[in-house]
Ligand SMILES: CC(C)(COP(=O)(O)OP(=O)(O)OC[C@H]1O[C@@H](n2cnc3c(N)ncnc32)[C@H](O)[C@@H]1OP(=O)(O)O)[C@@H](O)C(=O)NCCC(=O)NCCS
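The data below hold one chain only, encoded as structure tokens and taken in the form predicted alone.
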């Protein structure tokens, strides 16, 4: 009996969690009965509760929700969206198309938000030791480039001279700072990086969606890695939408470009075995 009890406890401890507690007729999420959450909080608040263990206040929820709305989609030229369409046309069900697309959200495509938070944290660490904002930005950017290469995540955009999503998000950040809901520390850091880039390149290099959402994630206290995770939750909406739209079309085996467009062959000319 003792051995059976010990084995059961070992199994229970092996799968221990502070997130959810389920018993027959009872489901508690972070201590809250699920029936009290249903209809009383929104999905962004539920994400926050699951990740952070407590419910956000109204100001936190508003900013957090704004990042989710801003990041849902950026057109079929985005690799993850293109993959969802191609996978659907090859016959995959929606969940398969979504999984294929989400797996493409790595460092180069989808990782800039996490990387921007990491950059801001490097600069913030220098400010915590007494450096001025200007010096901390210059030293932090230099350290980040030395460790990661010349690309600075969160600034500039290949398509938008000024990213309209970032403009709106930063306006909401400034409003929250004025109302003392957030400190504005990371907003100042991000704008310091923006100013440094403008000085070095002799032209504006505005913050993009990744840089602006990173400001919000950092201001709200999210770990850098969660910035990518939350971005994936947001972009999953766009991925699903495009997969569903593609499902309604008669295209089969959609490739990365129209069949009428040739690719460039760079190998050997036709040759034959001796």
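Positions refer to the first chain, counted from 1. Given the structure is predicted, the values throughout are model-derived calculations rather than measurements.
Although not depicted, the form predicted in complex with the named molecule is the subject of the following passage.
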Of the listed stretches (242-250, 58-66, 207-215, 222-230), which one has a non-hydrogen atom within 4.5 Å of the named molecule in the model of the complex? 207-215
Is residue 152 close to the named molecule in the model of the complex, meaning a heavy atom pair under 4.5 Å apart or at it? yes
Is residue 95 close enough to touch the named molecule in the model of the complex, meaning at least one heavy atom pair within 4.5 Å? no
Residue 126 within 4.5 Å of the named molecule in the model of the complex, heavy atoms: no
Might residue 185 be said to contact the named molecule in the model of the complex, defining contact as any heavy atom within 4.5 Å? no
None of 179, 103, 199, 108 but one has a heavy atom within 4.5 Å of the named molecule in the model of the complex; the exception is 108
Sole residue of 170, 136, 112, 81 within 4.5 Å of the named molecule in the model of the complex, by heavy atom: 112
